[in-house]
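Here you get one chain, nothing else, as structure tokens; it is the form predicted alone.
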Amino acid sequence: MPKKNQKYVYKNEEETNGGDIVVALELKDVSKSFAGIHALKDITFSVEAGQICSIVGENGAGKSTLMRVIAGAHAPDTGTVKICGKQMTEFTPSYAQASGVGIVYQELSLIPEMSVYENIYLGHPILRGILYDHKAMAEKCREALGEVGLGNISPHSMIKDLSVAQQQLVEIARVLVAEASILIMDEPTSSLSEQDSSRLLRLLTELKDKGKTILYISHRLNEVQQISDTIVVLRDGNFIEHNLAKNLKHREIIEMMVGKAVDRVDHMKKDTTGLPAILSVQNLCVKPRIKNASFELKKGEVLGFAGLVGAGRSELMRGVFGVDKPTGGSLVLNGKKIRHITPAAMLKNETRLCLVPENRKEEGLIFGKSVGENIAITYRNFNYKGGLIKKGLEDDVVREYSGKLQIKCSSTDQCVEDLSGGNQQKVVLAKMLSTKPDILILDEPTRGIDVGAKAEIHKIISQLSKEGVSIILVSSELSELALLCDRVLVMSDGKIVAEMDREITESAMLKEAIPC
């Protein structure tokens, strides 16, 4: 571990053939606070040019804040940042970009109704005189698309017609067109299937081999250890460790991130053969993708849904909960046919069904409201049948579930938009758990969640199942499905194509998910 304020030397003289090490990025005593709360405290480390350095830590550790400082979105309160030996004197995105820094944020920032090349050159078009040179932009865009493995995509294609994985690669192409020498990748694989994630990791390795320096943020430690030259660990805004990836074991990284050992959940799987069905879905149709989907969920079962991105898993769950109105088929809850499938009907039913949606920002949270108000709002709407709101009872519920899920916030009065992405996800989960559901649909519940929080959510899923709650788990992490699920249904192209209830393995699920 390097001493504070000392550059970490990654290679010895023999490995560098006696040449000088080129440092692409150097931070010294960087600190940043928001409303008196320290997000970063005296962060000091450096990154060698042409290497992949992963930044890891729990949600709220300061990873994204640090990346935003480097990318010019935040100015540090104290400390210095040097890019290729030159100190940053302005902290604006344009200054950082001009210095060779490009960032791909976790939430994609493309405009769906515009073409690929228009998105790539948005804000910095190529001009011929006073006019846009569309031909030159399309041609250079084509070169960048080829570099990121999208040579088969036309620069004139509309963003809305591309898959999530393709859009992620377009974001990277946009950074490359801007001639960035330092690429910051914030959770780039969180929305990708394992196949697409593997392709992206290969691309990043290729870019490194071409001399690019990459700062990589991910909660998927297997990815981190696979591609990283060095790893920086942050905890609660503090620098904990910077070391060669080959020197750090998986468990050591987790313990440094969390500050303690994290035990893997030991979920006792059930034989669901003789269990009664609490939910029966027959020939459900949801335009435009889901046609004649049929399945049963057993009492107390953890039923997994596997499939590639775009297979239709989320669309089917939205149809079951009534967010998207089914155009055909039937749904039976605990023996009772539901005539009008709507979210209100599901939440008010004797057998209560809740959905934790994939898109937490647009569908799971109310920005402008506090953590406590977000947790309490569903409990309030579906537990009071008139009369005064019992504030004390609500406060107890908020404390119980914010504590159970270990939501990191200054207080439950803090605005929910000020939390990290992972903590926002935990607020959505707390909000639904507070209603005491009989059936809980979890759509990608651990996406963007750190290893400590993920272990806690896994324990909650296992405990709820023991208590008799029936759970549908949609996850792109096949290892998560294999660990937690009693049975798994595999989807492809809007259809359920396979069922597994004994040998639930990652390879078997992937084999069924890939269309022939």
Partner chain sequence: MMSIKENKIVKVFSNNGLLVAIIILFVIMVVTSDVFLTPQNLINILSRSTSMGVIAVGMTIVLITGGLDMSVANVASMAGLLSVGLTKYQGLSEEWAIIFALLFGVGVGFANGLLVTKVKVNSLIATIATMTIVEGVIWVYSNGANIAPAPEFLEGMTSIKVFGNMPLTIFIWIGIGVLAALMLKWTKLGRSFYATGGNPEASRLSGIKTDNVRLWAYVLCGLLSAFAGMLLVSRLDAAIPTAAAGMELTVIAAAVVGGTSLSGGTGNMFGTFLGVILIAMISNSINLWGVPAAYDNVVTGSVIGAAALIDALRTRKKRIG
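Positions refer to the first chain, counted from 1. If you're wondering where the values come from, they're calculated on a predicted model, not measured in any experiment. In this text, the rigid core denotes the largest set of C-alpha atoms whose superposition between the two forms falls within 1.5 Å.
There is another form of this protein, the form predicted together with its partner chain, and it is not shown here; the text below is about that form.
Can P112 be called a contact residue for its partner chain in the predicted complex at 4.5 Å between heavy atoms?
Contact with its partner chain, yes.
Examine Q97 and determine whether its closest non-hydrogen atom to its partner chain in the predicted complex is within 4.5 angstroms.
Judged by the heavy-atom cut-off of 4.5 Å, Q97 is in contact with its partner chain in the predicted complex.
Is there any non-hydrogen atom of P288 lying within 4.5 Å of its partner chain in the predicted complex?
Yes, P288 is a contact residue.
Whether G123 contacts its partner chain in the predicted complex should be assessed with a 4.5 Å heavy atom distance threshold; does it?
G123: yes, in contact with its partner chain in the predicted complex.
Work out which of the listed stretches, 291-299, 201-209, 115-123, 430-438, brings a heavy atom within 4.5 angstroms of its partner chain in the predicted complex.
Going by heavy atoms within 4.5 Å, the stretch is 115-123.
Interface residue in the predicted complex among H134, K404, R380, K369, criterion: non-hydrogen atom within 4.5 angstroms of its partner chain:
Exactly one residue meets the criterion: H134.
Contact residue in the predicted complex, chosen from R487, R68, R447, H458 - any heavy atom within 4.5 Å of its partner chain
Partner contact (heavy atom, 4.5 Å) among the options: R68.
Once the core is aligned, please say if the CA of T230 is shifted by at least 2 angstroms between the shown form and the other one.
Result for T230: no, shift under 2 Å.
Align on the rigid core first; then say whether the Cα of K160 has moved by at least 2 Å between the shown form and the other one.
Result for K160: yes, a 2 Å-plus shift.
Once the two forms are fit on the core, has L215 moved its CA by at least 2 Å between the shown form and the other one?
Not so; L215 is displaced by less than 2 Å.
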